[in-house]
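Just one chain follows, in the form predicted alone, and it is written as structure tokens.
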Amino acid sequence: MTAPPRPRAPRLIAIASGKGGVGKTWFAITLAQALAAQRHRVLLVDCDVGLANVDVQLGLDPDRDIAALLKGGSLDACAMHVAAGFDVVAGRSGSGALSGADQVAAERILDALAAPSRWEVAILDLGAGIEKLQRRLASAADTLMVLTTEEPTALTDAYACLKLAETDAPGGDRRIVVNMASSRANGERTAAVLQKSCARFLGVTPPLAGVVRRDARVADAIRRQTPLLTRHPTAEAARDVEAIAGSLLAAVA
């Protein structure tokens, strides 16, 4: 009889963007559901400072959140299971619970995630921008996925995010995701522009994790507070995120 695998610390996948409004939280939720559907035990942690909305997009009313974790609570005590097949540590919107002590907050989150647990993967939904908390969590992640769109400002901010990541933790595993692309080809061209800038000025070329095409059904799912893979499992955007999840299988196996 084969013994069950021993618990170990989950692999950390941080989802970041230099700019808000690129669909970062939606992508984190959809990636968590896609990985869970592929039989991975997944924890999604909302690390957004003051503007947490994982619970809003999932239609949750959590009675515990990341503030409890920062006060010394365990991940098990702070996490809640959702029907989409994964667990969530909710953030705390409109609160100063994570502000003012960024370094302390980051280390407490990382200490909790460093302990052996029942989760194989922990997805960190980082806040938009380049605050100290976000930078520390990004630098500790096993894989950092930086979202951008075809908009020039989103590209500029994604480059800034990648530059700081390379400064904080040179040589890490960073990947680009182009969200809300008008077509797969245009998304690939957008990624190539960002990769060219990284190669020229940073000496690294982050690979393209995938392109997520613009899909009206994403907005419908968000309005209904229902994950896309539940409400519209055959949507183009759903298939795109599933493909990205599949590319991570080797990293999280």
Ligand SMILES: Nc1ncnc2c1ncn2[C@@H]1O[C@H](COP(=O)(O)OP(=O)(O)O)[C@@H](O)[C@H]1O
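This structure is a prediction, so every number in the text was calculated from the model and none was measured. Numbering starts at 1 and follows the sequence shown.
There is another form of this protein, the form predicted in complex with the ligand, and it is not shown here; the text below is about that form.
Peer 1: Quick one: does residue 55 come within 4.5 Å of the ligand in the predicted bound form, counting heavy atoms only?
Peer 2: So residue 55 does not count as contacting the ligand.
Peer 1: Can you check whether residue 204 is within 4.5 Å of the ligand in the predicted bound form, heavy atom basis?
Peer 2: No.
Peer 1: Do residue 192 and the ligand share at least one heavy atom pair within 4.5 Å in the predicted bound form?
Peer 2: Output for residue 192 is no: heavy atoms all beyond 4.5 Å of the ligand.
Peer 1: Given that the partner is absent here, does residue 134 sit within 4.5 Å of the ligand in the predicted bound form, heavy atoms only?
Peer 2: So residue 134 does not count as contacting the ligand.
Peer 1: With the ligand left out here, work out from 24 to 32, 64 to 72, 39 to 47, 196 to 204 which stretch has heavy atoms within 4.5 Å of it in the predicted bound form.
Peer 2: Looking at the partner contacts, the answer comes out as 24 to 32.
Peer 1: Which one of 229, 14, 237, 245 is close to the ligand in the predicted bound form, taking close to mean a heavy atom within 4.5 Å?
Peer 2: Among 229, 14, 237, 245, a heavy atom within 4.5 Å of the ligand in the predicted bound form occurs only for 237.
Peer 1: Given a 4.5 Å distance limit between heavy atoms, list every residue of 215 to 235 close to the ligand in the predicted bound form, or none if there are none.
Peer 2: Result: 215, 218, 219, 222.
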